[in-house]
Structure formats: C-alpha cells, structure tokens
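Read the single chain below, which is given as structure tokens and is the form predicted on its own.
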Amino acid sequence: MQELTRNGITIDDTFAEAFGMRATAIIITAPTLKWARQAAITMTGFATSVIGCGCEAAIDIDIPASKTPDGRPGCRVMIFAMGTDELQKQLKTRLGQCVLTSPGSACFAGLQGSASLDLGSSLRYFGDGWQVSKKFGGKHYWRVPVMDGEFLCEAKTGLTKEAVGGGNFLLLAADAGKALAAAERAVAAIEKVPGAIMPFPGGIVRSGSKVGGKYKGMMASTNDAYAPTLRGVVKSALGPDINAVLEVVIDGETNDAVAAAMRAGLKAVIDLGPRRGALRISAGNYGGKLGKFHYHLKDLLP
C-alpha cells in the first residue's frame, strides 16, 4: 500500500467503502434549545448501527429560533435505515416515545424528498379523538392534547433514497489519549457540515469490526488487524509505534455531504499534527465489492 504524508502524518492510499441508504429528517423545537436537544438526544439513543439498532441517527445541526417553523429554538435530526418500512417504523416509535413525551416539544418536517413518511399522521391517535387537524401555509399539521398543552406535529416529512451510510476513516496513534484528541478534533469539524451525522457515541468508534467471525451467527466481530493487543498473533495492520486506533463513521444525506464531512474531519486531524494526535490515517473497506460509494483519502486531503 502506497502512503502519502501531510503535516507529518502518514496517509494510507486507500478508501472508505459506503452504502446506499434511506434517510429522513425532522426538526424538533422546544421552549429552549436545552429541551429541543434533550428530545433529540433521547430520540437518537441506541441508534449507532443498523446491524444491532435498526437505524442510525444523530443530531445534524442546531437551528436558531429565527429559522424554525414556530419561532422557537430547535435542532434537525437525521435517521438512516436500509429500507423504507424499517425507517418508518423507527421514526414512529422514536417520535412517539421520545419527542411526544418531552416537555414543550413540537415536530416538523426536516426534509423535502421524493417520497414521504408519516409524522403526526401516525401519532394523532394518541389524542384519543380530541386531536385536531389543521392546514396552514400549504402544510398539514396535527394538534394533539397533552398535559402541558398541545403537541404540534406536521403530518408528514420527506424521504430520500439518495442517502449514504458508512463513510469512515481510522486514526492511528501512539496512545489512546492522542487517538481520542485527534478523533475529537475531527468530530468538532464534521459537526459543522450540514446534512452529515456521526451516529456512534460522540461520533467515535473504538470497536471497529470486520464482517463475520469464528462463532456461528456473528454478523460482525472485532477488527483484529487493528487491535494493538493482538499485534504479533494476527496479521496486523499496525506498526510498532501504534498503540491505539479510533474510527469516525459518517452518514450523509447525499454522496457530496459524506465527502464534505470526511474532508473537514481529515483537515482537522492533519492540522492537529502527529505530536498531539494521529500518526497515521487509514480507512475501512471491503475491497470495493459491497458498497458502491468509494471515498479515496488522497482525493479528500487539504
């Protein structure tokens, strides 16, 4: 494998392999940004990977009150799944259990797509016959009575079939602290890119995986080639100077959003430099045989 260098950091000449997904987005508002984010954080819990969670979700961006439909602070949440039916199921369940229940919340469409998914149209029955249908400004809303007043929810939101899941890069460092410092810099930069999310805890993955494993029924197992403690007993991808690896995984509304997010994250890591952060950057793929989206690191460097 050929290598490049930027600011003293080695860049593997490789690519991240990603997959086509279905995605939707909603805007959650509340009396304060704290409560809008609380509803969003609760809604996107246990949504790191479609392998075990059914969907992948996270907050995209915070939205000032001047730019939300009801003039209150809010945030945009994105949800990704492999199919439309699963996406609708996850959206309905998470909206009903985590946003409807949150004090002062309201919910609006966050995406105009080629198709639509139910929001208030599926939750209105909670009103037990007291819910009210309203059309305003060419849009359809449901008002559902709850104990602190009303839950206002737009009837539907958009669905895109052009979403991408699984953009990624690996940060290889001398120790866990430096790997984390590099990953945190990358996450902070990617958070500024609209239309892209990082579904894992704080945007960072420690337990990178490979397909399958030695035990029956395992869809994924530890990526032993990048596990420092297994160096010497497996075919390792790590040199003697590498003692910790962290991964950043990105889902995007479009192919361009994933590329922009990766570009921003890579620049942040490179700017930090090897003394405080990563010594080497790589990426995860399946040889180009499974995902149709390939993000070559060399094409995304600053």
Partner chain sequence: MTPLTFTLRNEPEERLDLSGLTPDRLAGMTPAEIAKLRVGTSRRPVAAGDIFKITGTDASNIVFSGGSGRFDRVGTEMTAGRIRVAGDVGARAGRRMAGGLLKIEGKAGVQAGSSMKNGRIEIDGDAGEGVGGPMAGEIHGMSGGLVIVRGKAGDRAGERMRRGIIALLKGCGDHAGLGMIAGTIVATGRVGRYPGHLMKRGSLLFDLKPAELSPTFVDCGRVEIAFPALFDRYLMEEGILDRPLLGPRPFRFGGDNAVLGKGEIMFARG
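Positions refer to the first chain, counted from 1. Just so you know, these numbers come straight off a predicted model, no measurement behind them.
There is another form of the same protein, the form predicted together with the partner chain; it is not shown, and what comes next is about it.
Here is the short version: of 92, 156, 231, 143, the single residue with a heavy atom within 4.5 Å of the partner chain in the predicted complex is 143. Stretch 70 to 78 is the contacting one of 92 to 100, 70 to 78, 175 to 183, 209 to 217, since its residues have non-hydrogen atoms within 4.5 Å of the partner chain in the predicted complex. Using a 4.5 angstroms limit between non-hydrogen atoms, residue 130 touches the partner chain in the predicted complex. Remark: residue 149 counts among the residues lining the partner chain in the predicted complex, judged by a heavy atom distance of 4.5 Å or less. The partner chain is not shown here, and in the predicted complex it never comes within 4.5 Å of any heavy atom of residue 200. Taking the partner from the other structure, the partner chain in the predicted complex has a heavy atom within 4.5 Å of a heavy atom of residue 108.
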